[in-house]
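Let's start with one chain on its own, the form predicted on its own, as structure tokens.
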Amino acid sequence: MKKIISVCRGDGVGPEVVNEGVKILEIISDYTEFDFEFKEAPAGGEVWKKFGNNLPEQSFETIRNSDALLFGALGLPDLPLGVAESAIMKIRQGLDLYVNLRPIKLYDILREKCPLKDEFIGSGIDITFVRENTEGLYKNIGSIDEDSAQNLMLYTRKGCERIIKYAFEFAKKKGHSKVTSVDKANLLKPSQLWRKIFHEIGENYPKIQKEDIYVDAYCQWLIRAPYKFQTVVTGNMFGDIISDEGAFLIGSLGMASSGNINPRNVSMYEPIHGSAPDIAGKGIANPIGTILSVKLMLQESFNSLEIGNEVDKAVEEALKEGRTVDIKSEKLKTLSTEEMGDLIAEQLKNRLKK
């Protein structure tokens, strides 16, 4: 089963963590029916310095003609804001990647790394944020001058319907009993449209409980009772904020994965952390967010739930033996980025051999 995967290594720690994601895909190629071919698709700050363009047309063509994109992180401190990072928006908009899937799972072995008291963790944290990915403020319709700046928060019926339907179908597939919608309908007109459509579509899923929460209230409930949430659907900006907050609860931002998805198009998979140029080249970045993004790729783009689950189990087993510095344990060996990737790859190899 041959699949072409375009690879954008990006800036800062991006190349370091992407190397470990590729390593996992190579193990899967060696021990399963998958045959992955990798094609480079450079983008970001370093590319902009060389070519004056953060996403060359050749890179975008490579991405568009692949089966999936493995993406690192973009951004350099010596460039103006957005010069590197806007390449991500070009890919999301250009491929209409309207779903941003962000799972937040606290492994039992990392429970002590959660900043919350045990009583607030409860039965555990396993939330999937389904974030609208192409509309809202991040569509970046606006202007700026010396005295003022504005952005239009644009929600369309089409955009709301398709992401909310995706969230309900995702919850149904996962066996979740509740979908939580996060908005600001007490103040914002776009959120009022969102809430109306959420309940219209929710009527088609009578077995799934529906819940509305204002975004400011949700931010504190995510701290007070994260165990109460399963599938959470929300708009672009709210989703960016609450999923980053959630990532902090699972031990480290470096543990969090994401998929930028269009079910009918090539999709992009990336860790949610930034390029972290201050630690680039030191070999201390956590590659698990990237490796779990590979898990999402397998499950969402290649319909391989079983192999994706094997990647997840390999990560969990590796965490019992060693950790990167952001989640270090006095009882276990502290590993470099590459060593962490090697350990997970070895665990996965052993599992796939069985």
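The first residue of the shown sequence is 1; numbering continues from there. None of the values given here were measured: they were computed from a predicted structure.
Although it is not shown, the form predicted in complex with a small molecule is what the next lines describe.
message: My question is simply whether Y138 lines the interface with the small molecule in the predicted bound form - judged by any non-hydrogen atom within 4.5 Å.
response: Taking the distances in the predicted bound form, the answer for Y138 is yes, it comes within 4.5 Å of the small molecule.
- request: Answer with yes or no whether D126 is in contact with the small molecule in the predicted bound form, where contact means some heavy atom within 4.5 Å.
  value: D126: no contact with the small molecule in the predicted bound form.
- prompt: Is there a heavy atom of E85 lying 4.5 Å or less from a heavy atom of the small molecule in the predicted bound form?
  reply: E85: yes, in contact with the small molecule in the predicted bound form.
query: Looking at the partner-bound form in the predicted bound form, is K113 within 4.5 Å of the small molecule by any heavy atom?
result: The answer is no: K113 has no heavy atom within 4.5 Å of the small molecule.
- request: Indicate whether the candidate residues M89, R131 and D240 are all in contact with the small molecule in the predicted bound form, with contact defined as any heavy atom within 4.5 Å.
  value: Spot residues vs the small molecule: full contact, yes.
- request: Look at the stretches 279-287, 89-97, 116-124, 219-227 and give the one with heavy atoms within 4.5 Å of the small molecule in the predicted bound form.
  value: Residues of 89-97 come within 4.5 Å of the partner.
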